[in-house]
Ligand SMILES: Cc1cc2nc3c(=O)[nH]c(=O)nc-3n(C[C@H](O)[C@H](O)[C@H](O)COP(=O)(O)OP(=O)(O)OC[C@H]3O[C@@H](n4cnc5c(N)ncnc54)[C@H](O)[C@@H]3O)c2cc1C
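Shown next as structure tokens: one chain only, the form predicted alone.
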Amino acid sequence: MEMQECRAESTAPIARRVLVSGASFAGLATAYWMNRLGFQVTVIEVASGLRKGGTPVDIEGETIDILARMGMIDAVRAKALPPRGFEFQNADDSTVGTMGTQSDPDGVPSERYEIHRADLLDILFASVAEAVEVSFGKSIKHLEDRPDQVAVTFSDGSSSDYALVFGCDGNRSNTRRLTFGEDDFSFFMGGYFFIKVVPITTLLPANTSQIFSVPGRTALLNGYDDQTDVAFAFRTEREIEYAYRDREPQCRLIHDHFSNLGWKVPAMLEHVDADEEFYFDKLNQIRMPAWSKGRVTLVGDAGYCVSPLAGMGGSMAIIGAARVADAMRCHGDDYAAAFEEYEEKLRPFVEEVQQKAVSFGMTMMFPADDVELAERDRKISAGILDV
């Protein structure tokens, strides 16, 4: 992707300070670009280190172009996983149908990579570690958006002023709550999911994903040379109340919904309670009327989570960071115009991805009823699933 024509160049002095809240894909990519624009960057992360758990990240399309601009695409290719095939299974472990690597309309395989989350985080972190200040175990306690700066008080009692603040702190963004109020802008998609990485390779072949569904419930495995992703998802009409940081009831929900299923589910359930290193959350999207307010703007899941069903949360974070940087490069010190352009140009793409996740992702990954499941399997078997 070529950089757009700009009518102004940033004149911000090197001492001008910006704060990035969150040290995942959105935060590290934003820190990279803000440093390139000449800002003095501070990154804070509430966790004690980089959060490296979770499933791999798909890299394709605009994300490849952006990583090339960042000088990282060769490092990504070096860590890329082998191509993965998807197998949709019956209860007896026979295959309903398969999906392989994607191709363009002419049948030529499209450039696409899959990389472990930890590897991509390491690549991004290495690009900023010596250039920006990074503080782990720290979060924003209070912020005051003033005409000339943002006054920030941190969880450790310290305080500082910044020209701009970038909220890159995920779906449950603290920056979003402090800036826009208690409304979390969450659109509930009607389900919950569980993901755990286990150090075994006996559940399925490497470089393969297998999906088993019954109405309203899906079990999924991703196989690698040295580990396996164990994932569950189930539908529910209403949101379930549970303590977000209490792991035991989350595991119990998975057992309650899946203990009576066959296929490989019993073997998968043996790993659910092994330790507390897993991710459980509702399937949701963040839909906001605006991503910016004053000198604060949101990047990635904090402003426009597209949901795991979209398959491009990490890519969307990297795209968002580059888009806001391009807008700032064009508008110089006029941050308000930059934030407006960032949203105006990116929002149509975000909304398109979110809509596809609702209309297609839910049906493909865990059909709601027998009719929906039969139709999905028919299309998969016939090779006519419109991805």
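Just so we're clear, the structure is a prediction, and the values are computed from it rather than from any experiment. Start at 1 and count along the sequence shown; that's the residue number.
The form predicted in complex with this ligand exists for this protein as well; it is not shown, and the discussion that follows is about that form.
Item to check | Contact residue in the predicted complex, chosen from K264, K282, R117, R84 - any heavy atom within 4.5 Å of this ligand | outcome: It is R117.
Checklist entry - Out of 193 to 201, 72 to 80, 265 to 273, 247 to 255, where are the residues with a heavy atom within 4.5 Å of this ligand in the predicted complex? => result Checking each option against the 4.5 Å cut-off leaves 193 to 201.
Checklist entry - With the cut-off set at 4.5 Å between non-hydrogen atoms, does C168 touch this ligand in the predicted complex? => result Output for C168 is yes: heavy atoms within 4.5 Å of this ligand.
Next on the checklist: So in the predicted complex, is this ligand close enough to M364 to count as touching (4.5 Å, heavy atoms)?
Outcome noted: Because no heavy atom of M364 falls inside 4.5 Å of this ligand in the predicted complex, the answer is no.
Checklist entry - Heavy atoms within 4.5 Å of this ligand in the predicted complex: does A317 have any? => result A317 belongs to the contact set for this ligand.
Next on the checklist: With the partner left out here, check for me: in the predicted complex, does some heavy atom of R51 sit within 4.5 Å of this ligand?
Outcome noted: Result yes; R51 sits at the interface with this ligand in the predicted complex.
Item to check | Candidate site F25, N174 and V299: all three near this ligand in the predicted complex by heavy atom within 4.5 Å | outcome: Each of the three qualifies.
Next on the checklist: With the partner left out here, which residues of 137 to 163 have a non-hydrogen atom within 4.5 Å of this ligand in the predicted complex?
Outcome noted: Contacting residues: K138, S139.
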